[in-house]
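The chain below stands alone and is given in structure tokens; this is the form predicted alone.
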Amino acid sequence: MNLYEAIYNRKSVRKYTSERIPEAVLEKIKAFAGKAAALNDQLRVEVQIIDCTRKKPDLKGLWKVEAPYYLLFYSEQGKGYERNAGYMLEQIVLYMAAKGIGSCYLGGSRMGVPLMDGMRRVMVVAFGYPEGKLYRDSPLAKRLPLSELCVFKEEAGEQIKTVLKAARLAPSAMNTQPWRFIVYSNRIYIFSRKPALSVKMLDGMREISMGIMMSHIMLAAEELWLELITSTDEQYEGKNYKSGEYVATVTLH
């Protein structure tokens, strides 16, 4: 199973066995994290793995999940750093899923130090071998249909639809699915839907969710051997939208 295939099979795992993951596998996870594609490769990032197989996890905050291991993602706080973190993190959890390891994003949870070497802890991810099923069939994922996520301005070919199907399956904070798309024959305009109430933490989680979704677009394009160009369009960027904001334009060839 590759990362693209894992998009259609991964689910959040909230119960784990106490089985230890071989040290060599943990090292491979860290090595993969170090070379994951980034939206902004100028931002410094670092991943820590916390082994809690022999101790109770020092985990605080909302939505706590007890697991044998935790991955802490730290990032320099530059422009778009939360979106970049989501983009990279999703590749890491999909890599784990492909290796038979379950995971769960713990937005709002805290572990370790909040700041390290000028970088902020952006996310905690629980992971380990699952107690129960690791995978699910994609039709079981509770996601909005493309008809509610997309406005089709031109006839979209099968490749564009395949990319959109992968984007649709992205996990998001509280399953809010904030992404919306305006679709042409070879490009997708991406928008982020604003919540009714703006809360700093939730705004950050929305940015992470958008990064997660954009990683699905990237992985689907790679699977289809499509050239992907991400840019911003001044025509959309300068506008003030009541219910959302323009994020980026993705062109596929």
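All figures in this text were calculated on a predicted structure; none of them were measured in a lab. Numbers follow the displayed sequence, beginning with 1.
One more form of this protein should be noted, the form predicted together with a small molecule, which is absent from this view; the next part is about it.
Participant: Which one, 65, 214, 45, 188, lies within 4.5 Å of the small molecule in the model of the complex by heavy atoms?
Facilitator: Only one listed residue qualifies here, and that residue is 65.
Participant: Looking at heavy atoms inside 4.5 Å, which stretch does the small molecule contact in the model of the complex, given the options 71-79, 103-111, 148-156, 127-135?
Facilitator: Single hit among the candidates: 103-111.
Participant: Should residue 12 be classed as touching the small molecule in the model of the complex when contacts are defined as heavy atoms within 4.5 Å?
Facilitator: Residue 12: yes, in contact with the small molecule in the model of the complex.
Participant: Is it the case that residue 91, even though its partner is missing from this view, gets within 4.5 Å of the small molecule in the model of the complex, heavy atoms only?
Facilitator: No, residue 91 sits far enough from the small molecule in the model of the complex that none of its heavy atoms falls within 4.5 Å.
Participant: Just to confirm, residue 182 within 4.5 Å of the small molecule in the model of the complex by heavy atoms?
Facilitator: Looking in the model of the complex, residue contacts with the small molecule do not include residue 182, since no heavy atom lies within 4.5 Å.
Participant: Are any of the heavy atoms in residue 97 no more than 4.5 Å from a heavy atom of the small molecule in the model of the complex?
Facilitator: It does not: once the small molecule is placed as it appears in the model of the complex, residue 97 has no heavy atom within 4.5 Å of it.
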